[in-house]
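One chain comes next, on its own, written as structure tokens: the form predicted on its own.
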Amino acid sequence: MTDPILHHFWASPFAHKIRLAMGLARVSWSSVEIPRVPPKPFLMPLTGGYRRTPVLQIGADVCCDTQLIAPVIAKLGDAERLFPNGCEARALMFSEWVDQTLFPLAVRVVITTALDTAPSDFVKDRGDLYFGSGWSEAKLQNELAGVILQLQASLKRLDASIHPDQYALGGLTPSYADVAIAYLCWFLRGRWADGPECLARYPNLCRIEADIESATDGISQGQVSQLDALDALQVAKESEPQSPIGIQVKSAFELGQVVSVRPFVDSSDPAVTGRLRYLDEARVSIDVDHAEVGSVAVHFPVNGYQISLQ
């Protein structure tokens, strides 16, 4: 099997999380760089319209959302390094908490403090993506001081929950839970002028960030090969999905039904529509056809995504 292909851009915080995860699991991978904002003409044919970053491609199987991509990475590499001592469920729950509680505060601070310097199309796109309907620059500015307080309170609680000689889940070796801490610190440190000063108050978080960067050789650059986006599309076209087919959980959905999948939260994300290929308590897969890639299987986590009949 060829290396998995990561569709990403280097400044993406969630892509950085997955790059760190692949470094920790010692997975070699190919890199396809995509635009920071839509349109993304060489990604959408693979995903059926899903636009978030990153996306992991394995032949004609396309995995969306880091909560699904991380377990896939574990199967491709050294699972014990990513989820030591059977901690996968706990690590994914921890990462989900970081993504849903801490990252929204962090991205709000970063975008608000960059309103005068970031490109307007980027601000508009990320505002629609992260803040839902009704957001405005004035509202972001008015609420900034309170959002910073919320962020600091959450970081302090997280830092205090970690023993100085241990990692996020209480063990002596890092896991995907620590990757979640590392990517958040990386984002705050690199995108917010006050980020380094803020993080300096939380020594356990800084220690974990440094340990993960060391354990993954930075962002695992030594295991990365570059791939042209058109070549990635050709890989999909010349492949067939290898993922399983079937319904493994009691539900109202049936195999082959036309369904749509979209993030459950209010955002500007379009729905992805296709034929239901697979469903269990963790993953939903749909078959999507596109002239540029043929038939691909697009995979999402069930948690956090709305599945609807069409």
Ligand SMILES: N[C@@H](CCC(=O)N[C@@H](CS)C(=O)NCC(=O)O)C(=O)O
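Quick caveat: nothing in here was measured; it's all calculated off a predicted structure. For every residue, the number given is its place in the sequence shown, counted from 1.
Absent from the display: the form predicted in complex with the ligand. The rest refers to it.
- This chain is displayed without the ligand, yet in the predicted complex the stretch 35-43 from 35-43, 281-289, 22-30, 251-259 comes within 4.5 Å of it by heavy atoms.
- Out of the listed residues K237, R81, R207, R126, R126 is the one that sits within 4.5 Å of the ligand in the predicted complex by at least one heavy atom.
- The ligand is not drawn, but in the predicted complex it has a heavy atom within 4.5 Å of Y130.
- Of the heavy atoms in G294, none are within 4.5 Å of the ligand in the predicted complex.
- Contact check for R51: a heavy atom falls within 4.5 Å of the ligand in the predicted complex.
- Taking the partner from elsewhere, E213 is found to have every heavy atom lying beyond 4.5 Å of the ligand in the predicted complex.
- Although the ligand is not shown here, in the predicted complex the stretch 93-109 places heavy atoms of just one residue, D99, within 4.5 Å of it.
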